[in-house]
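Below you will find one chain, with nothing else, as structure tokens; this is the form predicted alone, and questions on how it binds or moves follow later.
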């Protein structure tokens, strides 16, 4: 298959289940809501090194307190890992941001019988050192935690579902300029799909990884098959003649359909001049149960 003379390789992206949650952050104005959102989703590119993956989902259409707000997505390898990381991040990055409040963002796109709860506010409340107070509004409990500025308001429970992590595709181009332009175009389109997080900086990763390493202490190492500068030194390079730069886009989402749609629109947008091939990373179906076949998505 070719789109705008770009070869779409007949392969698939392999993704796996992840525990996921959406958080709505509000503040006095958009500036401080964005400050909190950027802080809480920072350094959350990969569970390999960060323990969690996260991204800003978009502007909240309606917030519980009527103030400007942003939705953020979080993904962990288990419910316990997700809760551990979110407690740290909400406590250190949202509660510390002036005028902020924190609510369950909901997961209306996921079936009700698949939802469970994380009692994040119910644990962060102890920061109030005994002076915290709760209030129930419409059967939902909120905690008011006294802070030096005034009060930090947080919902007691947050919805958790089984999301999907590790969706991906790779852009193989003649130059780094062409690869970056294509990846940027893809990200702009993919950001329009709600429920999707692109956890790497600007949504793009230049240093994709392979599982394992020649060094026993490393769980992952550089993806040697896709490194142009060592193509002549590796036994099974995946770099075609003329390709000098590869960039990858990793996709986490709440549902299978969101990963599929983000992959489709992203690849279509990335088929620009200078791009020679688009492919995807997989482990032969041995790592994850979710498979996204590129040509089927684009057919």
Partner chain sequence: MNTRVHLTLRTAPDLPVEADSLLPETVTGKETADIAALPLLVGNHTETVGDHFQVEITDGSPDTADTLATLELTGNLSRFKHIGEAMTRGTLTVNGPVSFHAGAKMSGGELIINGDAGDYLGAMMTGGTIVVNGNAGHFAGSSYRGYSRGMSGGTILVHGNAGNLTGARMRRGLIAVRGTCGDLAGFSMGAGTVLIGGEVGVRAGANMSRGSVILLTPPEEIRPTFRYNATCVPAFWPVMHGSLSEAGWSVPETGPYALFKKYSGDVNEGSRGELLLYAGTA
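Just so it is clear, the structure is predicted and the values come from calculations on it, not from any experiment. Residue numbers count along the first chain shown, from 1.
Note that the form predicted in complex with the partner chain isn't included here; everything after this is about it.
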query = In terms of non-hydrogen atoms within 4.5 angstroms, which of the given stretches 149-157, 84-92, 217-225, 197-205 touches the partner chain in the predicted bound form?
reply = 149-157
query = 189, 123, 141, 115: which sits within 4.5 Å of the partner chain in the predicted bound form by any heavy atom?
reply = 141
query = Exactly one of 64, 51, 58, 240 has a non-hydrogen atom within 4.5 Å of the partner chain in the predicted bound form; which residue is it?
reply = 64
request  = Mark residue 137 yes when one of its heavy atoms lies within 4.5 Å of a heavy atom of the partner chain in the predicted bound form, and no otherwise.
outcome  = yes
